[in-house]
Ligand code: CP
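Given as structure tokens, the chain that follows is alone and in the form predicted on its own.
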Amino acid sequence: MAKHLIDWKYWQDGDIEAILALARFVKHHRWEYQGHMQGRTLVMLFQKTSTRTRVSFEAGMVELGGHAINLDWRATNFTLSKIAFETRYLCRNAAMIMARLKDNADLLEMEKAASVPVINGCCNLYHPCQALADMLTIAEHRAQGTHGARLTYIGVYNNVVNSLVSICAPLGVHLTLVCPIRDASVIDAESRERLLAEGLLTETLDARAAVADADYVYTDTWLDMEFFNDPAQREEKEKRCAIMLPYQLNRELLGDSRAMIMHDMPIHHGYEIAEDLVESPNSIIYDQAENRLDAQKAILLHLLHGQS
């Protein structure tokens, strides 16, 4: 069993399959887990902004009978001292730490110093909690489960993609990537090579062909959320929009596709997705967001109690 969750690439396939099964069971038997975190505290550390990560982890701990402390990075002494020193202190007070940080290197420093499980709530390289919720959404929607599902992602190659790539292999999902913007420093080559070797990865810039046989079509923001409304990022935003606009998820692109529509939120309608698709009959975006709660619960239960 993994002690920490930095990304799914560091977990055994069997543990990933088990935690998805646990998430599905918890979702339909929430009342059975009401006291499992009694007397336990989760410290949530946010350097990046958040809605779903904070709400789902905090609500998850409360529903499991525990407690969550929300810490804003800027209001803590993480800005004044070494990450290792502050992390070691937190471990004296908390059963687990969930950190949503800008730099994966800082997260790894925290992991190294921690004596309790550390959960990556999102960093520049990975978003494993989101990926588990995505797989839970597919497993719940598709009678056959995840194995054999065809998922097409259209957008920037980013942290969400890395964690999708690493979780799709053990769960048997075929992933098609349509990523006109790629930064080599962000791409996890190891996970990508594994998925490619198993015949579960297709990469193309033909978005129309990519959605034609997809069961699910997924998109994400074209610019990191903390930069989207930043005046200093205006030039980069305009540059990315010019490249990505032809790849916007809209009815014209989808054509006759019956694929279900996914987005990890927050949504920038009129950019990566047309507003009418968010509320369309094929949208499972809100189910996907709701599934963050049971995905987080499964992560907490697995890391602290070894449940699967």
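From 1 onward, residues are counted along the sequence shown. Worth saying up front: this structure is predicted, and the values here are computed from it rather than measured.
Heads up, the form predicted in complex with phosphoric acid mono(formamide)ester (CP) isn't pictured, but that's what we're talking about next.
Residue 265 is the only one of 259, 265, 278, 69 with a heavy atom lying within 4.5 Å of phosphoric acid mono(formamide)ester (CP) in the model of the complex.
Out of the listed residues 221, 130, 146, 176, 130 is the one that sits within 4.5 Å of phosphoric acid mono(formamide)ester (CP) in the model of the complex by at least one heavy atom.
When contacts are judged by a 4.5 Å heavy atom cut-off, residue 250 does not count as touching phosphoric acid mono(formamide)ester (CP) in the model of the complex. Although the partner is absent here, residue 51 sits close enough that one of its heavy atoms falls within 4.5 Å of phosphoric acid mono(formamide)ester (CP) in the model of the complex. Not displayed here, phosphoric acid mono(formamide)ester (CP) is kept clear of residue 297 by more than 4.5 Å at the level of heavy atoms in the model of the complex. Note that among 265-273, 33-41, 238-246, 61-69, the stretch whose heavy atoms approach phosphoric acid mono(formamide)ester (CP) to within 4.5 Å in the model of the complex is 265-273. Looking at 91-108, the one residue that comes within 4.5 Å of phosphoric acid mono(formamide)ester (CP) in the model of the complex, counting any heavy atom, is 100.
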